[in-house]
Ligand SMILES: C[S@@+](CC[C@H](N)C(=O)[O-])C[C@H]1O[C@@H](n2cnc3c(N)ncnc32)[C@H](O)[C@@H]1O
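Encoded as structure tokens, the following chain is the form predicted on its own, with no partner shown.
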Amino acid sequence: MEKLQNLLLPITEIQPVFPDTKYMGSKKDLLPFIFENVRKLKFENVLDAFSGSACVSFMFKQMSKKVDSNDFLRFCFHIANGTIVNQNSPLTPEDLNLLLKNNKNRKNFVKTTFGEMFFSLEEDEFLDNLWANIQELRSPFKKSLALAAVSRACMKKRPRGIFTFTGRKNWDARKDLKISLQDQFIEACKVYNLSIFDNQKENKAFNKNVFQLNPDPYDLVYIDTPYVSPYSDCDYVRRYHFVEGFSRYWKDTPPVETTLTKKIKSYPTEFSSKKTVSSAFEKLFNHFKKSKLVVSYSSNSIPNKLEMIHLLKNFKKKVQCFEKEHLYSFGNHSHKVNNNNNHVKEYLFVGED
């Protein structure tokens, strides 16, 4: 009970803080670099078109901008809906009591489908029970917060935060792997609560293909697509399929039984193929040609820096490229973590009329 009572501080008395994330490609460590190069631009309405962990959306919200966040992954939508759109609805101790109570109507999909593939059978039961209880929350913001929190909890209970392998491969003595999944969830609720504040704007969150979005309302569009690289793939679904599946309890996204990890089917995207990525960027820049374009990018990626500048200049009169040395801590295979291929130049392209 003490953990629940300590969950919430009055949100008017704290400085909002966005939680750290293991999420692949997260720009959390690059926020000062991004902020320094966008703060002088004139804009009020901004779209974070590939919002991912939502940390850049949070930066824009702190800048008192009207923020729309979009991501094709459902669990990322819930992060944005719970933290960017949500202005004043944190999870309370009473909500936590509801979420943790025993639910006799729970199903056992996680336990019977995944067994001890990722978590213990007891933790599977916790997840099945939690899903049933989340459905009893009335507020859509609180539902999103709970789903964001359980996604974070599940990722922290896996080495490197991913679901591309089963069992206890790469298991070590890290504290996160020792903490129970329920305690990880309670802690995640707390840190997401600390991110909630009212910026006096009507922010929105979408779970759409980016080309389905109406381009007209935005003064600025921030773009951080998955990077196509010679060194790795950019299949976010493969890495995060479990939390993506849980975010909808695998409705319309059944596990592929023939795969080792029972992943869900990946979403096709033009940005994930070397053959189509250049034309995808051209299509994207054209779609949002009325807006200022700010593009996060890596020197490891295809197309290269000069090709990206050329693509942007087809739609923008003025294109600037800012650079920063950066080390991505996320390798796509264990032998690639912290190797030289993760030492890159981070680019921020800014296109204006």
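Residue positions are given as counts along the sequence shown, with the first one as 1. Small disclaimer: the values here were computed from a predicted structure and weren't measured.
Below, we turn to the form predicted together with the ligand, even though it does not appear here.
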Given 102 to 110, 188 to 196, 153 to 161, 221 to 229, the stretch touching the ligand in the model of the complex at heavy atoms within 4.5 Å is 221 to 229
Contact with the ligand in the model of the complex, heavy atom within 4.5 Å, among T92, T253, T269, Q87 goes to T269
Note: exactly one of L130, L96, I264, L73 sits with a heavy atom within 4.5 Å of the ligand in the model of the complex, namely L73
- Task: Find out whether any non-hydrogen atom of F126 is located within 4.5 angstroms of the ligand in the model of the complex, and reply yes or no.
- Result: no
- Is the gap between K208 and the ligand in the model of the complex 4.5 Å or less for some heavy atom pair? yes
Would F246 show up as a contact with the ligand in the model of the complex if we use heavy atoms at 4.5 Å? no
| task | Answer with yes or no whether Y236 is in contact with the ligand in the model of the complex, where contact means some heavy atom within 4.5 Å. | result | yes
